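One chain comes next, on its own, written out as structure tokens in the form predicted alone.
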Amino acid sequence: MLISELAVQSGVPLATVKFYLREGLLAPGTATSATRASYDEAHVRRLRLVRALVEVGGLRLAAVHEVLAALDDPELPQHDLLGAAHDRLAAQVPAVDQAALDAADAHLARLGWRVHPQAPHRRVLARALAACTAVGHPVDPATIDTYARAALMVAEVDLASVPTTDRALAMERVVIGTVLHEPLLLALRRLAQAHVSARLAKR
């Protein structure tokens, strides 16, 4: 397909497609003449992934390059590939004091979860726990355990849908699922709270 058809097929504006090509986020097409090139379905998939990373995930172009480099590295294990996507999608978390990290690590150790020491969401957990304590509402271990069981069920559903033989599709599933499913989970949690509150009000 021509570049104009690529834009239509992917749903990405032609000017944006050209920009991604200039920035090296999209591989050049196969030259068919001095001024034309042909593109295929792999370009369509990559365009959709880049657009999700930039427009939905809010990643800077340098971070997008890192994610794509991980995707294109045939030696990178599947687990590390998924980690590369998660790490780049995580918000920049400010430094957390050691006491807060120790508290978070204690919960993770009790749960038996295997978490990398540099995982950004380890710091997110630490900050959240510290904030709850600071306002006089510390989160007790029983609540953490309940939330953890629910989160583990969600994670198992998420990763069950990630293919193990198609790296491009695997990365796309992780990125799109992480970015777009988190608002879905938040909405369901709040709707569930409203439902339970209404049920309790009828007693």
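Throughout, we count residues from 1 along the sequence that is shown. Between two forms, the rigid core is the largest collection of C-alphas that superpose within 1.5 Å. Bear in mind the structure is a predicted one, so any value in this text is a computation, not a measurement.
In what follows, reference is made to the form predicted together with the DNA, a form of this protein that is not presented.
Look at 27-35, 132-140, 171-179, 147-155: in the predicted bound form, residues with non-hydrogen atoms within 4.5 angstroms of the DNA sit in 27-35. Taking the partner from the other structure, the DNA in the predicted bound form has a heavy atom within 4.5 Å of a heavy atom of Ala15.
Looking at Arg51, you'd find a heavy atom of it within 4.5 angstroms of the DNA in the predicted bound form. In the predicted bound form, Val8 stays away from the DNA, with no heavy atom inside 4.5 Å. Val44 falls outside the set of residues with a heavy atom inside 4.5 Å of the DNA in the predicted bound form. The rigid-core alignment places the CA of Arg60 2 Å or more apart between this form and the one not shown. Relative to the superposed core, Thr32 undergoes a Cα shift of 2 Å or more between this form and the one not shown. Compared with the form shown, the Pro183-Val50 C-alpha separation decreases in the predicted bound form, the change being 3 Å or greater. Cα of Leu159 to Cα of Gly11: at least 3 Å longer in the predicted bound form than in the shown structure.
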